[in-house]
Each structure stands twice: as C-alpha cells, then as structure tokens.
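Next up: a single chain in structure tokens, the form predicted alone.
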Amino acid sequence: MLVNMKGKDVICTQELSVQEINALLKLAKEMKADRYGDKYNQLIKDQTFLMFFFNPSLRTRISFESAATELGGHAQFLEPKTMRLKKTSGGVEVQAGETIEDAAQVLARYACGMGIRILETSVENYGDGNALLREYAKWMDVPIINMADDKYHPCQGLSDVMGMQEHKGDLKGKTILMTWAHGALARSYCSVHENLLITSRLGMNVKLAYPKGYDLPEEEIAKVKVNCEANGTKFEIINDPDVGYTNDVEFVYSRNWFGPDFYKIGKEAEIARASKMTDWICTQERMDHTNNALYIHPMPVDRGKEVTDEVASGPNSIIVNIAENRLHTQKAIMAMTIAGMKVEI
C-alpha cells in the first residue's frame, strides 16, 4: 500500500490512519539510518517552514530547525508579540489587530508549512490552544503541524512509539504503564494524551495509574477505550502508586500532570498540592516488579519527583533515544506532508 499524506495537517495522531502512522514511523527509521543521505537532503530545498511559539521549548525548537535544515530548507522562529494579531475568542492574549483568517492566508503564501506550539499557560480554558491551532489550519492551505498544544503532542507520541519499537519490536499485545507522578512543574496533558492514544491505537494493553482527583479528560479516555476495544486489548485504571507495576509491564511512563481544576486554581496551587504526594514516584524497587520494563519520558524530567536518578539514568532508560527521535519523526512528517514523499507499507 502506497501512503500519500501531501498537504495533510498533523494535529493529533488519533486523526491519522494506522497506515499513515506506520508510514511515518517507517520513514523516520529510514531517515535515522541514513540521516544525511542524498535521498532526503533536498526535499524542501530553499523553502521556509514557520515555527510559531506561544510557549518556549528546548527540544521542539532545535529539532524542528534541524529537521528543516537537513531536508534542505529553513525554519523561521515566530512569537505572538512580534505579530499584530487580534485576541481570539479562545482567549489567547495577543496584540490587537489582524485576524487569524487574514494572517494565516498571508503566511501560507510565504511558507511551505507551519508548526504551532501553544500550551495551557497561554490560554484561559482547556482546549483553547487546540482550537487556535485548528483555526490556523482552516485558513492555511499548507500543512499545519502541532508542535504541542494544550491537548495533543503528535510528534512526541510518534517519537515515543518509534523508540519503543526500536527496542522491543512489534508493540501489539505488549503492556505499558502510564503512571502519574508528583512534581513541581504542573505539567500539561498533551504528551500523556498522545502516548495513551497512539499506544492503544497500535494494539498495546494500557494501564493508567493516578491518585484520585487527577482524572484525565473523559473524552480522551473514551478514545483510548475505543482503541483498545477495537484491538481486543486491555485498558485498566488504577488509583494506587504500586499496583500497576506488574510482571506483564514492558514499558513504564511516569509523568506529572495537573488536575482537572488547574485552570481555576492556577499553577502555584497545583504545584503545592502535587508536591505533597511523594509516594507517586517511579523507583527501581517498583521497576523490579515489571518485565524488565523500559523507562520512557518526553523530557524534561523532574528528577527526584517523577522518577529517581537510578531509573532515569539506568540501563533501561530510553529517554534520550526518544528525544533524538523527535528529529527523525518530524523530518518524516515534513517529508510526507510538505514534500509529498510517498511511502510503501
């Protein structure tokens, strides 16, 4: 089957077909194996990819800039404060002036595609960031790539799975434990949602552990349940910090995320609450109860809170490999959606 994604937006992996996900992963692995090969280094020659950052980043900015360069193009960094954009109905604070409709159509004439990063601290309500991203996608006739919004992070989800496959092969029937962890950063849902969605989509059993009061949005959990039902796999919710670490678990993902009332109580109150639940941390003692599980995390890691150094820096940690894969999955996305590269699966 030949997969063609030319012109397609990548906002959430749940909106891609399994064939498209597999094609992106296949191409990313090939690009990683032949990173500077002539086959790929002119795919967007002399073209500009725009990167619109409402929130700062280390891995996202550098990996996208490197991806554009290695494909023969150029990435340009944009910030809201440098653009005369009108405040949106979604509550994003930007300067008064031009509408998204007008700005998006002009930007599309300049660039081959655009990435947008807009997290919870840049919006008033859950979902506003994702809504803004989709508004740009509505008016731009070049691909929009989600560089992390307040709901989804498709590039991270693809990179997680790529790393997991590199170390364990086919993921069907394998089990992942996604567990909440205490911390001082009040983290977003986006990376957690994407991992749950893409792993369940690709046929994994999913265990989700968190303390009471840290439920994830029901609409996303419903999608995970449907994915598992379609694949005949298991989905389990656990409210205990120990119970999820069992001998069938082959991957552990420990991550802090804020509670459903975050937008009401604010960041400082959330941090104060989460920091008290010190039992929720990934330790080597807990990992020893698994099937020699690999440790994954989207980074940056809140060491000593989400996970101990012994685990994060241990032989079963693949967090740096996954971070590297951001470059390769993003090159694959740009190659297929912008350059129109077709992939046989």
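For clarity, every value in this text was computed on a predicted model and none was experimentally measured. All residue numbers refer to positions in the sequence shown, first residue = 1.
Unshown form predicted together with a small molecule; subsequent notes refer to it.
K.L.:
Which one of these stretches, 23 to 31, 37 to 45, 283 to 291, 299 to 307, sits within 4.5 Å of the small molecule in the predicted complex when only heavy atoms are counted?
P.N.:
Only one stretch qualifies here: 299 to 307.
K.L.:
Of these, His182, Arg117, Lys151, Lys207, which has a heavy atom no more than 4.5 Å from the small molecule in the predicted complex?
P.N.:
Going through each option in turn, the one that passes is Arg117.
K.L.:
Just one of Gln156, Asn146, Ser254, Thr199 has a heavy atom within 4.5 Å of the small molecule in the predicted complex. Which one?
P.N.:
Answer to the contact question: Gln156.
K.L.:
Wondering, does Leu58 line up within 4.5 Å of the small molecule in the predicted complex on heavy atoms?
P.N.:
Output for Leu58 is yes: heavy atoms within 4.5 Å of the small molecule.
K.L.:
Could you tell me if His328 has a non-hydrogen atom within 4.5 Å of the small molecule in the predicted complex?
P.N.:
Looking in the predicted complex, residue contacts with the small molecule do not include His328, since no heavy atom lies within 4.5 Å.
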